[in-house]
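This document opens with one chain alone, in structure tokens, the form predicted on its own.
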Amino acid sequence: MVRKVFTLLPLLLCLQAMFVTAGNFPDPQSFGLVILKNYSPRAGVAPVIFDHWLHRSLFTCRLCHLDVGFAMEAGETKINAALNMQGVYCGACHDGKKTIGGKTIFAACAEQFSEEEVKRCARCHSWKKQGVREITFDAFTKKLPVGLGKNIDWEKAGEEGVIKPLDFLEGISVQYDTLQAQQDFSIASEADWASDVIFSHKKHALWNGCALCHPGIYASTKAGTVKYSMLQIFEGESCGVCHDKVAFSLFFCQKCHRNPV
């Protein structure tokens, strides 16, 4: 079975390239969309819509997935109202006190609330509701550079200073020494139909630090010791932990394979 998949992989990638060339890109608005519904239906409220595009403009991935503690697998973080009110998970920022960019972040949950405050609940518990979100994708992304398929070019946004994501939260984050990032290096492709990959530690460390990838995703930092393939990546391992979920889609081959595939 595995051998058949490997045999078909070049064909699948070619079909992907045709798919992208035709303009059929992943929907930018729903890319990275997470529906939080472990407890909401039981509590009689709509599931929470979490937009990575909004939070990614404000915070690094490392801050949320290491310091705050959100798991990187769907359904694994058991978020509930009680924990939010204790200042855990969403409540680490959404406490009605912290400010980002001069604006106070609304509180996530409360034991008692007025009828008027129910509207605040709907800002998060907004699944299948119309007109309850304060920030819309179209309005928000007007200030951000876009790339292939009108997806947000986060790399360019950071380079141009359009966004300056926070990497430290007082009382939550631990100050760590900044390591000198390695220079870009080439990862050899074993397929004759695909060029080598150019990997940048600097670009990844900007968002992830070191600990988000090592040792959780890549157990070793020694060159050549970790083996992986496109099959694993498509199955959500290695690079696929982030790419095609919240980082740019695997449809965009030339983002990694710098020469035409």
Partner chain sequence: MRRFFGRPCSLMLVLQFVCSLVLPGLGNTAFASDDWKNEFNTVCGQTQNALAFSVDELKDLIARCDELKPRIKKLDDSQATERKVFLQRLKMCRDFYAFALGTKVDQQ
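Numbering follows the first chain given and starts at 1. A quick note: this is a predicted structure, and the numbers were derived from the prediction, not measured.
Only in words, not in the display: the form predicted together with the partner chain, which the text now covers.
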*Given that the partner is absent here, state which listed stretch (48-56, 28-36, 189-197, 212-220) has heavy atoms within 4.5 Å of the partner chain in the predicted bound form.*
212-220
*asked:* Given that the partner chain is not shown alongside this chain, does A139 nevertheless sit within 4.5 Å of it in the predicted bound form, heavy atom to heavy atom?
replied: no
*S114: heavy atom within 4.5 Å of the partner chain in the predicted bound form?*
no
*Exercise: W127 in contact with the partner chain in the predicted bound form, heavy atom 4.5 Å*: no
_Close approach of T99 to the partner chain in the predicted bound form, 4.5 Å, heavy atom_ = no
*Work out which of A107, C121, L144, L83 lies within 4.5 Å of the partner chain in the predicted bound form, going by heavy atoms.*
L83
_One residue of L148, V132, V88, V162 in contact with the partner chain, assessed in the predicted bound form (non-hydrogen atom, 4.5 angstroms)_ = V88
*4.5 Å heavy atom contact with the partner chain in the predicted bound form for all of V68, Y176 and Q180*: yes
